[in-house]
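A lone chain, given as structure tokens: the form predicted on its own.
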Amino acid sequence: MNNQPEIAHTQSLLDKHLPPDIFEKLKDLQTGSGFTLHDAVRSGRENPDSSVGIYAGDAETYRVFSEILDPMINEYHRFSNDRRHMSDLSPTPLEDPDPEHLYIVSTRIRAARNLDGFAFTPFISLTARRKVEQLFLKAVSDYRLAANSRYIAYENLSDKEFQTLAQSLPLFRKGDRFQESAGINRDFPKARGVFFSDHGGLLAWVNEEDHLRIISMDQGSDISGAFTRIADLLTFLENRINFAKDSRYGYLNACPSNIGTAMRAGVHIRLPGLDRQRNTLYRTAEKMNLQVRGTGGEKTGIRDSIFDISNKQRLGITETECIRTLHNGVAALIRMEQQLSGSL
């Protein structure tokens, strides 16, 4: 009997890189925590429109199933077997690309981290989730902004309280169908929460798609300032928590698309001229290694000519290079928009 998942009809990287012979070779393997190939590909099997189609259940997944993950990672990240990821969180002073605040609506930089020695969210137990939560809160209690911060534990909120808070605070919600199939939503909302700095602009999601998602925001175009804030907290945590990382692939996370820097730096930017010439926008962004998404994120539409534009590359590029890529690309798009409107 053939137990291979029914994925041959999908267009995901999983479909491309898991032929029957490789499946047969890997199907009985498991990591030290018990994570199997069947666990890894469940989301891709149940959601044929997955772009990647595989999740990691722990750091060891990247070694045990390297025969499938390595070529997927190389293709997605345009990486190669002889390369090694490098990290650089040093301050990066950059001029404001939109000093008159005509185009950039907001800036947001996020970085994912998983604690070493714990299963990742597709396979973690509730007990381990609570331990991750406790370890983070203990570590961040010494942070210089901790005295002006608070932690909102989801399981202490009623649905009405959650909805009310979500109107003014960037809370995360239960994951989508891809995460549901992967097991990430298990035990929701237990052991989930959000840490906020009351100084504004800095927060951490606990036990969302990864153990930690650190986020720095600016209600404007201060890309350099937003990066300085997140780099400061990441460096602080790095000295107190052992994160899952690899000498070749950098920081390891549940989705192979989000390894390396595990950083996404982006802006919401209003580009009415380029909105009327979207093919030009997409081609230009591709050349500058930027990703263009809808106003509400991936697979959403464009509202009021506002695009979500972020760095496309996460692996094989340092954090500071991510920020420079975003900054230079956005500055170039603003110049194009000004030319279209005749303001240059």
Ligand code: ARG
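Throughout, rigid core stands for the largest set of C-alpha atoms superposing within 1.5 Å between the two forms. So that there is no doubt, residue numbering starts at 1 and follows the sequence shown. Model, not experiment: these values are computed from the prediction.
The discussion below concerns the form predicted together with the named molecule, not included here.
Although the partner is absent from this view, Ser257 contacts the named molecule in the predicted bound form, with a non-hydrogen atom inside 4.5 angstroms. Of the heavy atoms in Glu209, some are within 4.5 Å of the named molecule in the predicted bound form.
Although the partner is absent here, Glu298 sits close enough that one of its heavy atoms falls within 4.5 Å of the named molecule in the predicted bound form. Though the partner is left out of this view, Ser50 does reach within 4.5 Å of the named molecule in the predicted bound form, counting heavy atoms only. Interface residue among Phe118, Phe178, Phe195, Phe79, judged by heavy atoms within 4.5 Å of the named molecule in the predicted bound form: Phe178.
Residues within 4.5 angstroms of the named molecule in the predicted bound form, judged by any non-hydrogen atom, belong to 257-265 and to none of the other stretches in 234-242, 148-156, 94-102, 257-265. Positional change of Arg63 between the shown form and the other one stays under 2 Å at the C-alpha, relative to the superposed core.
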